[in-house]
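Before any questions on binding or motion, here is one chain by itself as structure tokens, the form predicted alone.
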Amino acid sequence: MRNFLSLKDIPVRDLKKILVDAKKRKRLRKQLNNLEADKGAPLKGKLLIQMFEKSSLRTRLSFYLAIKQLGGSTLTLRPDELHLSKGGESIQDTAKILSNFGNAFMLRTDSDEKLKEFGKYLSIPIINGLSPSSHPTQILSDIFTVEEIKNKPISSLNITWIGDSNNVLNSLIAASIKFSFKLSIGCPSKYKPSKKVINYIKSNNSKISIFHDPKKAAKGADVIFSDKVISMNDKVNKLKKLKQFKKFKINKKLMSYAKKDCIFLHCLPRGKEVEENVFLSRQSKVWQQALNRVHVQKSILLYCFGKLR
């Protein structure tokens, strides 16, 4: 049994195995419809229990299809219906019940401590579907998308992030260190990564640079990533924050500093951080990016069950 909580904790050889498996599975599904199982239905009889404490569209849909295509089933729990939130039942007791009924647990949570505590008491694999500090399933899938489109290992590419320093960027930073790719971060000085994250970057002899000029961050990029500037549950003065990010808005002029064949990726939902003529352009691969989450999350599930081919 293996957990999937943070890219930091997983050996790069295992992350690469997940990507190789996902590539094979995507290729073999070309003639199958969404709900047909993969050959051999490797997770037949397995139940994935999901719980969402934060809004979700892509993570919810992609994990549902992932377990279905592997031959298993899924059950989605609403936290406001559980004794965990309503009746004061402990995480320890809840974890025991989840372990008795299910075979894996995917949690999208507003608390890193809750994720750790569930991991402590569960006797089934736990997957981080998003937490305040990271979004590992998103970024591993994004690496898959980059390598699929560019037909090159990500280690040979220049990756740029333009936007806020958030959980998605934290996982991209961890991926840069694991896969040894160049990462340029463009953000206002007030919104640079935390001291803890910067210390992590420094202690790992990374290829990561932080710029407070978006043009410098975009220069020579093969891929430009972004995310919503006003995140879910962001308790800030939204108008003030948007004003501080005004010159970091991704438009055609900013994209012109990147390579001509640069692609644009966004984990969605989008906000005002990108102009329509970039988001809907030929350079934008956001729909392919979103769909690829199904394939990678299938391989993540197989990794957690110890069944990677």
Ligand code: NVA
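Numbering starts at 1 and follows the sequence shown. Predicted model, so just to flag it, every value in this text is computed and none were measured.
Beyond what is shown, the protein has a form predicted together with the named molecule; the following relates to that form.
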Problem - Distance check, Leu130 to the named molecule in the predicted bound form, heavy atom within 4.5 Å - result: yes
Exercise for the section: Answer for Cys267 alone: is it within 4.5 Å of the named molecule in the predicted bound form, judged on heavy atom distances? Expected result: yes
Exercise for the section: Although the named molecule is absent from this view, report whether Ser99 comes within 4.5 Å of it in the predicted bound form, heavy atoms only. Expected result: no
Exercise for the section: Mark Thr145 yes when one of its heavy atoms lies within 4.5 Å of a heavy atom of the named molecule in the predicted bound form, and no otherwise. Expected result: no
Handout entry: Contact check for His135, Asn166 and Ser231 against the named molecule in the predicted bound form, heavy atom at 4.5 Å
Key = yes
Practice task
Look at the stretches 70 to 78, 223 to 231, 176 to 184, 118 to 126 and give the one with heavy atoms within 4.5 Å of the named molecule in the predicted bound form.
Solution key: 223 to 231
